[in-house]
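Single chain ahead, written as structure tokens, the form predicted on its own.
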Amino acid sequence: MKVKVAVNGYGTIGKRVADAVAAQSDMTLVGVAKTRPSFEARRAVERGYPLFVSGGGSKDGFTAAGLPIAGTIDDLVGLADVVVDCAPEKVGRENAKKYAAAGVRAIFQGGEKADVAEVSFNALANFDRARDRKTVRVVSCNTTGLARAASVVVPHWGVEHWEATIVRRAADPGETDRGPINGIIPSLHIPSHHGPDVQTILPALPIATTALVVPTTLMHVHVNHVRVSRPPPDVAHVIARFHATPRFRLFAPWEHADGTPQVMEFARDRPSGRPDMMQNVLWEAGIQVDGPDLYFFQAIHQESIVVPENIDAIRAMFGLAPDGPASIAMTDRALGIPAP
């Protein structure tokens, strides 16, 4: 069985999800939708993806740009078993009405509130909860990173309390209209929304988060302090557990990946595919154990980390894999993410 997948929204996340779907042996990409012509729309055509007009867009604009249009968003929805909605924040909630009326399943992104779907999703944390669902929400990049990390920490050592400070990038590389340019902006809403969002996946996790925005486009960084129930014997034990878990990349001191610039340069050196980092990035030297207190830094590539989660959500919804680990292995192999 090949699931027919449509991607509505072909921007930062949508174009990556479309490529990821096209790489899977059990899925078929039936098309992508954009509201207006752009270099991304041209790239979709160059890749051979059928292009549809979404939202309030007009076919005339695409025609004038020389971009062939296969139809409207209604036509695309009619071709699909599931729509992965990658529209801008809050637009997905409006699109949900269209998908429900057409009787097609839908996956939403973390920019939407949790109640847009039946379940919030992370492949390591709660794969089975998305089985046979009609609507699923893949949580945001930061929530994905925290949920993955909790999927390692909770079963091995338990959690009494988790404090995380989210150091957020100010903009994606292409967002030239955003800032700050010269400043560090604290989020004065305490706790930040990230902790409650993690709890939509792991309700019992005692986590509190704060956040601040810094002038970079490369990645987010999480500063984690976890009071554990069963302290690990040493740092080596913690490092080994992270190494053994898919979707984690640890840098050893000898690699001299001192921060996010080196991490993204490492990603750019990949032999093929996008220069993305879909794994949680940890620094071995930044993992410390002090009695019941576990400390670690992790970096999150906001443009790509949720992409494999969207693929696994499709498999969970349609029963294409027996369990989460099997789906993760299939997805990661197709996307070139190294196995642990």
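Start at 1 with the first residue shown and count on from there. Predicted model, so just to flag it, every value in this text is computed and none were measured.
Although not depicted, the form predicted in complex with a further copy of the same chain is the subject of the following passage.
> When you measure heavy atoms, are R43, A171 and P180 every one within 4.5 angstroms of a further copy of the same chain in the model of the complex?
Heavy-atom distance to a further copy of the same chain in the model of the complex: all three under 4.5 Å.
> Can you tell me whether A102 touches a further copy of the same chain? I mean in the model of the complex, with a 4.5 angstroms heavy atom cut-off.
A102: no contact with a further copy of the same chain in the model of the complex.
> Classify L67 as contacting or not contacting a further copy of the same chain in the model of the complex by the rule of any non-hydrogen atom within 4.5 angstroms, answering yes or no.
Yes, L67 is a contact residue.
> Even though a further copy of the same chain is not shown here, does P292 get within 4.5 Å of it in the model of the complex, heavy atoms only?
P292: no, not in contact with a further copy of the same chain in the model of the complex.
> Considering non-hydrogen atoms and a 4.5 Å limit, does a further copy of the same chain approach G56 in the model of the complex?
Outside the cut-off, so no.
> Name the stretch: of 73-81, 244-252, 125-133, 141-149, exactly one has residues whose heavy atoms fall within 4.5 Å of a further copy of the same chain in the model of the complex.
Heavy atoms within 4.5 Å of a further copy of the same chain in the model of the complex occur in 244-252.
> So which of I239, A96, L218, V159 reaches within 4.5 angstroms of a further copy of the same chain in the model of the complex, heavy atom to heavy atom?
Here the answer is residue option L218.
> Taking a further copy of the same chain as it sits in the model of the complex, which residues of 75-100 have a non-hydrogen atom within 4.5 Å of it? Please list them.
Sequence-ordered list is empty.
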